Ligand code: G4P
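Next comes just one chain, in structure tokens: the form predicted alone.
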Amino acid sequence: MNAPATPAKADPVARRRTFAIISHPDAGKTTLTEKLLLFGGAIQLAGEVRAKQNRRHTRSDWMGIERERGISVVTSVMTFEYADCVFNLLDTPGHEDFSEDTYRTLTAVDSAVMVIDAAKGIEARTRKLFEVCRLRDIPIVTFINKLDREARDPFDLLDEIEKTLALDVAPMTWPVGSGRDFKGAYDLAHDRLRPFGADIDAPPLQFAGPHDPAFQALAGESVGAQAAGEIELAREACKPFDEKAFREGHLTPVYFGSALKTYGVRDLIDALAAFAPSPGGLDTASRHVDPRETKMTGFVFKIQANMDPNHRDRIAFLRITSGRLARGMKARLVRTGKSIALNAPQFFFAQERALAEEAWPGDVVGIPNHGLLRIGDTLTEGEDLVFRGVPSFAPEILRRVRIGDAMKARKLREALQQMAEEGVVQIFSPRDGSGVIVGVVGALQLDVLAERLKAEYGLDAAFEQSRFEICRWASADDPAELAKFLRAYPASVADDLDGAPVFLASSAFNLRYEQERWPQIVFSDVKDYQASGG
């Protein structure tokens, strides 16, 4: 494709590209992240994820459990520049047990890259994440990965995307062979190809078309003939790229390549620079906020503690939504009404960081704090605004935590409180005074919790079955009716981290029974942090 048309440096909002990478586990998401950083100059050598005991772990995976299992379990934020654009790349957890972190991250981005394994096509996790993007009208660029291995027919893959996701596709490049016969991806708009295996900075080769003898010689007789027919059919049968349809979330441009071999990645990052939207406006409970407003606003979508084990720090990830954040400025924490000084805002490159002297809409900065900031908090230059849509989901697994040393019970409570404020787990304090219950979406979250309790707090924890299987936030239009319901079930009602009432059910049957008995009570499996005031 042509060199991307990039915004003038004088317009900091137009320069920003804030995007997430979403995929099913093992589709190559974290590897692609590294290669994008390589093109952005953020790293000199991208580490490869290998299923071996002595593998080099990727630089965006910093937690011990990530290095051991070769998976991402927390969102990493990385900022870099390319083609006069400032990219804020959010590498989300691929494992479904950490879906809540991913959903919250998608509230902070303006576009997404969907990575699909060329041999497997659309998988369950991909479908679920796409639906979240659709709810938010997030534009999606598709990267079909692992063409250096045997792959499915590209038309089948495109057809599956259209049928499964109800999303129009516009192939921008086309694979020439696959596996051992993979020769590269042909640029459909400009009749050129950068040969697979060539230096990443080598210019593409220009052809008169897919029947050009030079292209046929490069591809080989059988592969070239098949590719020429497919390229002609793709041009005739597939939709052309329409930037408006893409921005509205109805159409996805599709690129083919191999992240592991750093092939097709340049096409992808050029597309993000050229087509991906710059930061747009966001709704609050009271009004719409435009990114070019002069007053700074932002919201916290993630908390992470102990990223640096030497400092036992706590970082709130703040998405800037309008105005300019300047180091040293004071901002109003709307939840408490108090003013806080932003003395050390930080930009991230996975484990590495640098002080952010200034930040603009679209940027994600880290705000060091000691428990003052929570997920869903809004910071402004004075106005009382509350951004919508940072969700919390009812956990699917409820467990009690047991430690061998009763003298450390207070330390355990403090640790669980901090973990809950981060969003690692949810905690529920039963109103009958019994021990705290932790809730998680998936079992792997319990492994992360146990590892962090051991590594960061010196606590050896075990998890015991709770008599409760389901929890739902309880609310009602009539406060008196809600109070009556809560008094009726002292042993089955708990408070979450923010003090919101939660009904704990022993089974799905038990929940349905109470719903029928109390028709005025709303039992919800989703809570908006802002709606709760938390």
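Sequential numbering from 1, following the sequence displayed. If you're wondering where the values come from, they're calculated on a predicted model, not measured in any experiment.
A second form of this protein, the form predicted together with ligand G4P, is not displayed here; the remarks below concern that form.
Which listed residue (191, 267, 230, 148) meets the criterion of a heavy atom within 4.5 Å of ligand G4P in the predicted complex? After the contact test, the surviving option is 148.
In terms of non-hydrogen atoms within 4.5 angstroms, which of the given stretches 475-483, 500-508, 29-37, 461-469 touches ligand G4P in the predicted complex? Of the options given, it is 29-37.
Contact label in the predicted complex: residue 258 to ligand G4P, heavy atom within 4.5 Å: Although ligand G4P is absent here, residue 258 would touch it in the predicted complex, with heavy atoms inside 4.5 Å.
For residue 16, is any heavy atom within 4.5 Å of ligand G4P in the predicted complex, or not? Contact check for residue 16: no, nothing within 4.5 Å of ligand G4P in the predicted complex.
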